[in-house]
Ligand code: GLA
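Below sits a lone chain in structure tokens, taken as the form predicted alone.
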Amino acid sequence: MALAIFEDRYGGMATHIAFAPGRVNLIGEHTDYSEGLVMPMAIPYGVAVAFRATDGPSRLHSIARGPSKSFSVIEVVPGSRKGWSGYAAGMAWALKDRGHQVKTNIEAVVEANLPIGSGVSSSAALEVAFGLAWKTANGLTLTPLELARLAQHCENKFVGVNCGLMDMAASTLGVAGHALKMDIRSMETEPIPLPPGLVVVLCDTGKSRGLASSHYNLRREEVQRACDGLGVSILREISFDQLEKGKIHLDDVAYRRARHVVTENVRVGSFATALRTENQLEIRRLLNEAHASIRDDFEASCAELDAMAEIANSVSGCWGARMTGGGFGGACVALVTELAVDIFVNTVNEAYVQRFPTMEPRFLICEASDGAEVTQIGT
């Protein structure tokens, strides 16, 4: 659809399509900005940008949200763009701010099949896709990790969400059939194969979330308060025993935020082992513990997420479920045997709607997919 709309809108053909996948994080929540461990996977749903270079101003059109005001890539600065096009323009600014020569404007049409506000990183996918577009139009050379870091820079300094690197890195570094165990400090990435016959089901609660307007930045401030009390720069530097010894220097909120991060890092390593050995009981235990920790210690869950995880865990064929993403709404992730998926979705949907009649849950069956790429039209 994007190609047809592009031709109709701009009177010619796009030269390239950039696609960036969203991600589902299996475990390791709110640990990336403490340089901790995470385990996301890229999914086959994402953001596609059909584009071409142009001598005129940049003109962007979203199939879902309509056109944005035109702009010159040379003039864009933080605060100059709002709404969805801010993510696109922000990537051009991020490239320039990090020393890349970005002078060529583009015409583009955006098409997405990611549920917005569901915790699957639609914003990161949009940034990465436009990063590929600006890179291609301006003849730049970037590694996947460099592209991810630029997208994080855009999110932090242009959009205004103080997020970590995980979402963008999952979008650029994804490996089909595998989750990615990532050490955010070293960016060492280890693909972990998913057990055969097991699929990932994203259970969207229907309660939308917006990181910039949520408590996300507040949680980061609370984590930093814990670091200050413990005398460290990041929570990755301490063990659970060190946290317990230093808790006398923390208020209750800062202590619980730190306890979540420290214990979640341990769970990521254990979860990788459980996946490799296909240990169903251990997978369930770790996912349950992860959800309880994000709910009770980090306080980033909500009634809808708690109910979705509880219902999913009660259905036969589910190896475990927990909330995924930044929280405060969004979705749960469930690991489900392939033969049980249809029954799982129908059962969870019915039970969830009984509890929340005004909500419209959605379910996406996800395979682990490769990372972002740009394709030249006609090749």
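Fair warning: this is a prediction, and the values are worked out from it, not measured in the lab. The first residue of the sequence shown is number 1, and the count goes up from there.
This protein has a second form, the form predicted together with alpha-D-galactopyranose, left out of what is shown; the following refers to that one.
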None of M166, V261, V110, L287 but one has a heavy atom within 4.5 Å of alpha-D-galactopyranose in the model of the complex; the exception is M166
Per contact check vs alpha-D-galactopyranose in the model of the complex (non-hydrogen atom within 4.5 angstroms), the hit among 50-58, 333-341, 307-315, 22-30 is 22-30
State yes or no: in the model of the complex, is some non-hydrogen atom of Y216 no more than 4.5 angstroms from a non-hydrogen atom of alpha-D-galactopyranose?
yes
Given that the partner is absent here, does G329 sit within 4.5 Å of alpha-D-galactopyranose in the model of the complex, heavy atoms only?
no
Please tell me whether any heavy atom belonging to G320 falls inside 4.5 Å of a heavy atom of alpha-D-galactopyranose, as the geometry stands in the model of the complex.
no
How about G325: is it within 4.5 Å of alpha-D-galactopyranose in the model of the complex, going by heavy atoms?
yes
